[in-house]
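What follows is one chain in structure tokens, specifically the form predicted on its own.
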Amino acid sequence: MGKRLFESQCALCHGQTGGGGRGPNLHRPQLNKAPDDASLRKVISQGIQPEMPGAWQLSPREVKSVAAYVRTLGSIPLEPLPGNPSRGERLFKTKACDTCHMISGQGSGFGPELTGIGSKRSAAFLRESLVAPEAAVPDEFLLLDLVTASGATIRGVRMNEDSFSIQIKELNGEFHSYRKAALKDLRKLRGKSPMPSYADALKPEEMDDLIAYLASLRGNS
């Protein structure tokens, strides 16, 4: 139902398959103005003025169906991969990947959350992230080096920031808030990642297994 409604109501602007036209391309895992299902349904029903009219003619059930279809447009299809996901899951734990990444609420959450990574990123992207982590650092992930008034050097990830203060999560998992005026130095390490390269740390078959496991993570639903 969602596909049929999209083709009749939305394709004029977004293209018959959602690839874009007057409206934006929807073949993306994350939509800037609709990051979750609730906001996507709101955008569809109410629109975004003045560019996008609201779909007042659709019932709540129809809006939900269109939203569900739009979500499939940004999902990476399953790929046939050489690795073994079960062995990859064991590697994920033995290599202590869960000290930086969360999956379904388990882990520290220091690095990007991975619960649905397989539906958002291709196997090629996952391999690059393991071999060369700084090749594709998420835009919202910002590593910081700061020097406190006492001279202590702290490294962590920015969690929040305003004109006067900055909140970080340190590499040991602790949260701290600092007044910028009290800092001796604050360096924003854009494009840098604390994650090491696994190019030499994993055998080729282990790399395949870990990628197969990450690709199998399609979310909780």
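Quick caveat: nothing in here was measured; it's all calculated off a predicted structure. Throughout, rigid core stands for the largest set of C-alpha atoms superposing within 1.5 Å between the two forms. For every residue, the number given is its place in the sequence shown, counted from 1.
Only in words, not in the display: the form predicted together with ligand HEC, which the text now covers.
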Thinking of 158, 161 and 188 as one candidate spot, does ligand HEC come within 4.5 Å of a heavy atom in every one of them in the predicted complex?
-> no
Distance check, residue 3 to ligand HEC in the predicted complex, heavy atom within 4.5 Å | no
Any chance residue 138 has a heavy atom within 4.5 Å of ligand HEC in the predicted complex?
-> yes
Should residue 173 be classed as touching ligand HEC in the predicted complex when contacts are defined as heavy atoms within 4.5 Å?
-> no
Even though ligand HEC is not shown here, does residue 32 get within 4.5 Å of it in the predicted complex, heavy atoms only?
-> yes
Which residues from 1-39 come close to ligand HEC in the predicted complex, meaning a heavy atom within 4.5 Å?
-> 6, 9, 10, 13, 14, 22, 23, 24, 26, 31, 32, 33, 34
Core superposition between the shown form and the other one, C-alpha change of residue 51 at least 2 Å | yes
After the core is overlaid between the shown form and the other one, has the C-alpha of residue 78 moved by 2 angstroms or more?
-> yes
Based on a C-alpha change of 3 angstroms or more, tell me if residue 121 and residue 71 lie closer or farther in the predicted complex than in the shown form.
-> farther
Check residue 35 against residue 159 at the C-alpha atoms and report closer or farther in the predicted complex, compared with the shown form; the change is 3 Å or more.
-> farther
